[in-house]
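Just the one chain here, the form predicted on its own, laid out as structure tokens.
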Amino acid sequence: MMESVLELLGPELYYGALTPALKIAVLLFVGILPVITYLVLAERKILGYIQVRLGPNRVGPWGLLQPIADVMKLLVKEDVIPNRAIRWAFILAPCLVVGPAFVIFAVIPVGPPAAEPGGLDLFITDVNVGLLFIVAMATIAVYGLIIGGWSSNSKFSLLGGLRSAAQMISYEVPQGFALVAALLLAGSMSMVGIVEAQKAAGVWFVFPQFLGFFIYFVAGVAESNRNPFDLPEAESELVAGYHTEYSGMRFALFFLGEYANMIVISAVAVTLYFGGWYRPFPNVEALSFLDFPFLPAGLVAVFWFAVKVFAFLFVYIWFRGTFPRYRFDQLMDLGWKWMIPLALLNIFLTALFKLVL
């Protein structure tokens, strides 16, 4: 079988396709899934400290095996499909939520390309429309939430799906405008090119684009349905929103998609506004000790990228532990009356800056 595929595609195309597939497998099973699993534990621990109580501490030393117990529980729980649910849509919805989130990781660079000193091509691919690809894939998740809420044939699920659709579509607009302003500065839609543009400029884009970054991150929190914008789930009003009728592994896929989206929002913010895999102020020789010269350059790049991403994830958890939930009318007012006008103003000022200089 393998020989026939090799003859059909030719060795260059065959091995060229095999390498990204291996990278995807390693990224998924060695990188993303373990990180998401222990991100849930970290969230529960941090929320425990914020609320002056203990987090999970029973399963394994200091509760470190709690995520494994949670995964096993979800695997063995009964997977129920309501009698009056639309079966094909009910099954498809979780896949539409989690699939695009994982696909986005294909274009997020964790380290420098092989052409740079110490570069290991720590990304699956670098395309010249990488940021456009991310926006397109992120949009698909909206359909998963709508279909999940509609197909369950439950009023709570339907209301959660409708809320989610209105919220995500509304906040995609200012988020897209914020990304446009960053692209004006970088002059490239390649994710690697954007990181290298920040090094060439000698400044993280968060400084000239602080307004754009603020709009992007607030919209990102709203798009991932997290506090204080968790209106689609709103346990006190809608039980669990669009996934009220889900159980077992299908519920776990929604859960997985939410945390994967948190990591995606954080990773894109790091890449666009905080210099990607580079240390703080990479052009300042006085801070060269932050390059950790006794370690491989690729490992140092992954370290700095991970530190920045986890700083954003901590902010997500901090929001959940401290902020009350918005009313839905307040959520819409914030998006349409404040975020979109500010995002348009930011594009105008950025374009004027580029024109003058």
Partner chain sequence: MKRFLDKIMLLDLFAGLGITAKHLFKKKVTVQYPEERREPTHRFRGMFRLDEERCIKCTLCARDCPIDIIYIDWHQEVNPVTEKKEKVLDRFDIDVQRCMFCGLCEEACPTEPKSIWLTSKTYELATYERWQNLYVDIDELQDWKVRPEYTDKEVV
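Positions refer to the first chain, counted from 1. What you see is a predicted model; the values in this text were computed from it and never measured.
Keep in mind that the form predicted together with the partner chain is not shown, yet the notes after this line are about it.
Checking F303, F310, Y38, F319 for any heavy atom within 4.5 Å of the partner chain in the model of the complex turns up a single hit: F319. Residue contact with the partner chain in the model of the complex: L54 places a heavy atom within 4.5 Å of it. Taking the partner from elsewhere, I46 is found to have a heavy atom lying within 4.5 Å of the partner chain in the model of the complex. Contact between F314 and the partner chain in the model of the complex is found at the 4.5 Å heavy atom cutoff. Residue contact check for W62: none of its heavy atoms lie within 4.5 Å of the partner chain in the model of the complex. At a distance of at most 4.5 angstroms from the partner chain in the model of the complex, all three residues I50, R58 and F323 contribute at least one non-hydrogen atom. For the partner-free chain shown, just F214 of 207-228 comes within 4.5 angstroms of the partner chain in the model of the complex, judged by any non-hydrogen atom.
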